[in-house]
Structures are given as structure tokens and as C-alpha cells.
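Here we start with a single chain on its own, the form predicted alone, put down as C-alpha cells.
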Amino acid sequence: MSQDRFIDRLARALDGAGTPACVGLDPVLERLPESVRAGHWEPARAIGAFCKGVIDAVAGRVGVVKPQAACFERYGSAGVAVLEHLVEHARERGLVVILDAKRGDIGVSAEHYAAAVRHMGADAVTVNAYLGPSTVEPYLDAGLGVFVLVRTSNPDSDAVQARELAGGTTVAGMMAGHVRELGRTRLGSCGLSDAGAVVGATKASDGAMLRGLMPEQVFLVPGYGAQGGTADDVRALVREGAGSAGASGVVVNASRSVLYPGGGGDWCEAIARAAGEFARDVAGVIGPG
């Protein structure tokens, strides 16, 4: 793994692709193309073949992929082995890899998790920081990028994240303050931090508040496409004055709308077209510098 900061590698990847788009690798066995399932009777092999095809189809169109660890871990050691191979393949294709694992432990346990992410070869990981800053620090100390859950895209997140606290802020706002503090000493040459935040496109109404609290953070933005998030929602999260994808402060994820675009013909070609359309749509949210 390169010795320069995660955030600088990410900025270069986004600028190289010309878009802040990210494709999520969330394979569901029952939704795979029939030709893939027929050719690979073992589930882990089938999802591995499918995701390798996805990586090859989207490389050059986006700069980032985000494998969902649970989709692979459900198949035990075979699934984890497939995930490791896919991370390696994505890196070989020039893609930055964000492992969506939502780890959330502290101390030695967090150090073990961080070592596992490094060993796998991923560039960054998602983390649930409910236990406090020591949930996050071991990953940053290991040289990884971290995206802390702040304002997630699921509707019932309001039950916790939108709750008001004394002083007028919300739980999400409180977490945003922690993320900014964690990132203060971990800035790259691009001016952004290795410590980022997960902020859903479906929660863009909180975007201005969260961007004000986290000006140096990259927002990993789920909820685009199939979950209802739009380009206008993403625009509310982009850093003011950003003139390029790498400076935009957002990485916008789409999974289902790219992985399962529907229609006939070759499935790899269909995914490549869907990824290209997604990448162009998201690139349009970045205004001139």
C-alpha cells in the first residue's frame, strides 16, 4: 500500500475519473445474472465472478468501489477469500477500495480489525463510533481512511441521529464535531482529512449544517439512486467552491441501480452503461471553481 495519505490517493482517483461516483459491491445471489449462477454452483464463487465482472466494467468510469463486507462474510471463509481477491483485483485496476464493514469496537479489538483491513488491502473502512473516539483512532493510526457513521440514509435513523441535545445540536451534529476533531491532525496535501463521514443523500436537508461542522471532511454518500437520493440532494453536500471531483468533499455511492440495471443483452455491458450514466450525473453536481 502506498505510503502517502489515503485522502490524497482518493482525491487523485476521483480527479482521474472526473467524477465523485463510487460503485457499491453488494452482491445478492438471487439477483445475479442466470449465466453467472449457472456457471458457478458454489455461492461464493458466483458472487466473486459477478463482482470481478463489475469491477472490470466500471474501472475507468469511476475511481472508487465499496464492497459490503456482510455480502461476503455470510459465506464464511470462502466468502472472505473472495472478498480479499476482489479487493486485490480492484486495486490492480486502479480503483480505491472502501470496505463497508461498519466496525465499532475499541482498544485491542479495534487494532485487530484495523490490521485485518490493512491485510486485506482496502484503503478505507466505515466505522460506527458510538463507543467514542477510540473506536476510530486505531484505523487512522494504521494509515487507513475512515468514514464514521454520522447521518445515515435509512429512514429510521431519525430515531437516534435527529434527536436534539442540550444546546440545540443533534446527535448527528455532535458526532460531526467528533469527526472534525479526529481529523484535524490528519490532513492531506489536498486539504482534506483521512477522517470522513457517512452522510446519506436522503438526509440532504441536514447537509448545510453538517458541511459547516465538517468543512475538511469527505462525505461518503449512500442513498443515491434506488433509495431515492438525487443529484440535487448531493449538490447540497458538496464543498463550496469545489472545482473538481477530488476537491468536492463527496464520494457518492450507488449499488443496486448499477449492479442490476435490467434490460437484455450482455450484463457486463449493461453495468458499464449504468455506471457511465451514474458517473456523468454525479459529475454534474460539481460547479466551476
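Note that residue numbering begins at 1 and tracks the sequence as displayed. None of the values given here were measured: they were computed from a predicted structure.
What follows is about the form predicted in complex with another copy of the chain, which we do not show.
J.: So in the predicted complex, is another copy of the chain close enough to Ala208 to count as touching (4.5 Å, heavy atoms)?
T.: No, Ala208 stays farther than 4.5 Å from another copy of the chain in the predicted complex.
J.: Taking heavy atoms and a 4.5 Å cut-off, does Thr230 contact another copy of the chain in the predicted complex?
T.: Contact check for Thr230: no, nothing within 4.5 Å of another copy of the chain in the predicted complex.
J.: Indicate whether another copy of the chain has at least one heavy atom within 4.5 Å of a heavy atom of His178 in the predicted complex.
T.: Residue-level check for His178: yes, a contact with another copy of the chain.
J.: My question is simply whether Arg186 lines the interface with another copy of the chain in the predicted complex - judged by any non-hydrogen atom within 4.5 Å.
T.: Close contact is absent here: in the predicted complex, Arg186 is far from another copy of the chain, nothing within 4.5 Å, heavy atoms only.
J.: Looking at heavy atoms inside 4.5 Å, which stretch does another copy of the chain contact in the predicted complex, given the options 212 to 220, 86 to 94, 105 to 113, 186 to 194?
T.: Only one stretch passes the 4.5 Å heavy-atom test: 105 to 113.
J.: Give a yes or no on whether every one of Val80, Ala101 and Leu131 sits within 4.5 angstroms of another copy of the chain in the predicted complex by heavy atom.
T.: Looking in the predicted complex, the three residues Val80, Ala101 and Leu131 all sit within 4.5 Å of another copy of the chain (heavy atoms).
J.: Out of 154 to 174, which residues reach within 4.5 Å of another copy of the chain in the predicted complex, heavy atoms considered?
T.: Contacts from 154 to 174: Asn154, Asp156, Ser157, Ala159, Val160, Gln161, Arg163, Glu164, Leu165, Ala166, Val171, Ala172, Met174.
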